[in-house]
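One chain is shown next in structure tokens, namely the form predicted alone.
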């Protein structure tokens, strides 16, 4: 496994692999790797000859009041995980490498960032679009892997690839969960032992919403209000929780039979911001009631 911090060196190595006819897959990360990240790497290995992982905490996607300065960092452990998983290349640039001059351009994201995390974290998806666009231009992979947990991110990257003609195949990996249902996340490290026992309630609330809808629940507003109240009483601070269009990510209250939808939630538990979602196919037409 090679660990590279500079762009020209990385490009030369990738060029060599491609001249040999090898397929290159890319897993971008911010480090603090866990089994969720490793599942992305394993999926990448199944679909390519060369697996490249980037480890870079992108400052452009953090607001001033967010956790950029304290985001978990454990590079040596991350590299050990990558080596164990058979990663070929690890790209570890610093911010001077990624943003080495005054920026004259930015990427605006429309429609896809109006709700969900886009509504709560101003500038978040602009920062993601900027760094992913730069990474795709540097790596020029054949394939890139992202996780379903960050579904909105996947849709933004999908649109980026289409609109900027990157010619990259995207794969969305399923959410990796702990045995109690909690979606794996680097920010789970912020949870205290007591909070960690409470955290799986978020996923069980999503599952409850899905089951109630499948059973014909029509009063979606009251259903979500009750589920949010349960979370609040357990110590969560809710951000959003609802049903969203799986394509343009706007909230919906009228569900059409045979269509797929996203039930998504974000909440705070102590210092940790937790997000999770489930995707389901609606079996019955449901018009929401308030």
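Numbering follows the first chain given and starts at 1. This one's a predicted model, so the numbers in the text were calculated from it and none came from an experiment.
This protein has a second form, the form predicted in complex with adenosine monophosphate (AMP), left out of what is shown; the following refers to that one.
A heavy atom within 4.5 Å of adenosine monophosphate (AMP) in the predicted bound form is found for exactly one of 82, 183, 209, 160: 183. With the partner omitted here, the residue from 255, 30, 43, 246 that has a non-hydrogen atom within 4.5 angstroms of adenosine monophosphate (AMP) in the predicted bound form is 30. Every member of the trio 37, 149 and 175 reaches adenosine monophosphate (AMP) in the predicted bound form with some non-hydrogen atom inside 4.5 Å. Here the chain stands alone, but in the predicted bound form its contact with adenosine monophosphate (AMP), taken as any heavy atom within 4.5 Å, falls in 139 to 147 among 111 to 119, 139 to 147, 196 to 204, 86 to 94. Adenosine monophosphate (AMP) in the predicted bound form is approached by residue 71, whose closest heavy atom lies within 4.5 angstroms of it.
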